[in-house]
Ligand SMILES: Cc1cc2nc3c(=O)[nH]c(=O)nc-3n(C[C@H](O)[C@H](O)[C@H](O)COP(=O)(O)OP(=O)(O)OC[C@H]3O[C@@H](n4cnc5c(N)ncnc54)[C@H](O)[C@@H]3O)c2cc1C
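In structure tokens, one chain follows: the form predicted on its own.
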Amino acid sequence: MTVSGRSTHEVFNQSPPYVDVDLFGLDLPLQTAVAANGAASDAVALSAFGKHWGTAMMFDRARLANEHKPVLKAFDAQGFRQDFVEFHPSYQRFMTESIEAGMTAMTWNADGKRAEAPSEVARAVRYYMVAQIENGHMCPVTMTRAAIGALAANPALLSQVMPKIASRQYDPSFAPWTEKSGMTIGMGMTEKQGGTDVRANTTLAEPFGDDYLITGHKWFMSAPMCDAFLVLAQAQGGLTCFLMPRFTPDGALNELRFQRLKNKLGNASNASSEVEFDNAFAWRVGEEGKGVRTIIEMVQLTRLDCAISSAGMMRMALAQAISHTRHRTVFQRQLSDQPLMGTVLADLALESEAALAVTMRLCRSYDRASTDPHEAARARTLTPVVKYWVCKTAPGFVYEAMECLGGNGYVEDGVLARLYREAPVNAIWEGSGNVVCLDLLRALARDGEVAGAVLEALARQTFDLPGCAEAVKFVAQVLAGPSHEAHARAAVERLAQLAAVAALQESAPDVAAIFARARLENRCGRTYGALELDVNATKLLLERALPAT
């Protein structure tokens, strides 16, 4: 059927799919952050990585991995327990590619010691690009790389598993880790009655020769398909960290009984489970009673990855919004040229670049922590701060980008709907907002001078930018005041924004001034597009975010 010579189902004024894109070459903020944080020599490899991960094939694999959720196979055909999790081949391909690229191993030497700089930044840039495509598989990737931080408390055990982690080979076979070409490590901390309060855990660990048998449960066991898990349990000396393998040293299936997989809001390609332990075999990691102190070495690194991942999701949401509005005509003009839409997009671009800059600068602190005490203090102090702000920002940010696409953004056929369901997870996992704020307060109570030195350094770096001196004063007053816990969120957010200004000073000084004015001096409305930007600032931010073609 035609109307006035035109088919009623002709498709026009629709934006083309944002696929077959160079995730590195089209991202000027990423390129400048890489250069500012010491990884410029890696640019050629990063460009190749960005082109590969930005292909239509990778976008489609992400769709398939999330449409076909993992399935728990608790029993085999003969009725024997196996507690095996089955995944779609697309998920397995993501695991293979990320591990081959070094996402689990490139920040460590073969002996489990930290690799030389800029390994942390170089990995983070790749992780940031991976996060733009598929986030679910990044959970076991993150935990495997971060577990090395905790396993350092048991050097003998670390020396056994490190060759498998460092191999850069993903082996999904259901077999003892000693027989595999590579291994992954998951984590189980929370229980039904305790949640964040892990000291309320009731799972018990009893000596079994030099090792332990564990009985109890975990309400969330992340990535149950892994070869071993770091878990917390009550030993005679108190809450203790253990490594629990899927198979016992004699090759028998360990006594882990997965009850069900969690039906989550997002993170659909990845499995999270409930599990019961019935005298499950485990090795102790660290001293009895030092479980939290031991596993926090892992948590610091997983929190860093949460921030990187959220910044990556923000970037993809922004790119989708800009690309769509540049190809969509509304009221006889491109949608991106409409002044109100231009302000919204520029505001989003400003937030995205700030999140990227502060995260990459934090990674540089990790790179230098072993040789620079100030950078070590910066990493300890700002990791919960950056995790809080970036991960809290992402859900609202992705929603606003979704709105730029209108109804097309709200349907599952596109990328934005999946990003929107995915975005909240990083703010919840590895310490929700209140938890990371309390962690900062505890750090201040233990070593206020160190945190104070970090704040002073940020003050020196940002003193001449609008609103920064007032932000420093506010943070110092709140954190030192009698009601600091009640107002910790406000102080942590302001501290993160101050750190973002300092990071932007090194990578994009013009953007640093705009961000300081918008977020610290004027503190405009809480919806994107409510700030005051002139035409030049809008143009600068959008051209940096995604060059017009």
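One rule holds for the numbers: they count along the sequence shown, beginning at 1. Just so it is clear, the structure is predicted and the values come from calculations on it, not from any experiment.
Here the subject shifts to the form predicted together with the named molecule, a form of this protein not shown in this document.
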| query | finding |
| --- | --- |
| Residue 367: touches the named molecule in the predicted bound form, heavy atom cutoff 4.5 angstroms | no |
| Residue 222, heavy atom within 4.5 angstroms of the named molecule in the predicted bound form | yes |
| Non-hydrogen atom contact residue 264 with the named molecule in the predicted bound form at 4.5 angstroms | yes |
| The named molecule contact in the predicted bound form: residue 316, any heavy atom under 4.5 Å | no |
| Listed residue (345, 471, 226, 425) with a non-hydrogen atom within 4.5 angstroms of the named molecule in the predicted bound form | 425 |
| Single option in 195, 406, 396, 237 placed near the named molecule in the predicted bound form, where near means a heavy atom within 4.5 Å | 195 |
| Heavy atom of each of 55, 58 and 311 within 4.5 Å of the named molecule in the predicted bound form | no |
| Stretch in contact in the predicted bound form with the named molecule, which is absent here, among 166-174, 88-96, 145-153, 430-438 (heavy atoms within 4.5 Å) | 430-438 |
| Interface residues of 157-193 toward the named molecule, as seen in the predicted bound form [heavy atoms, 4.5 Å] | 187, 188, 189, 190 |
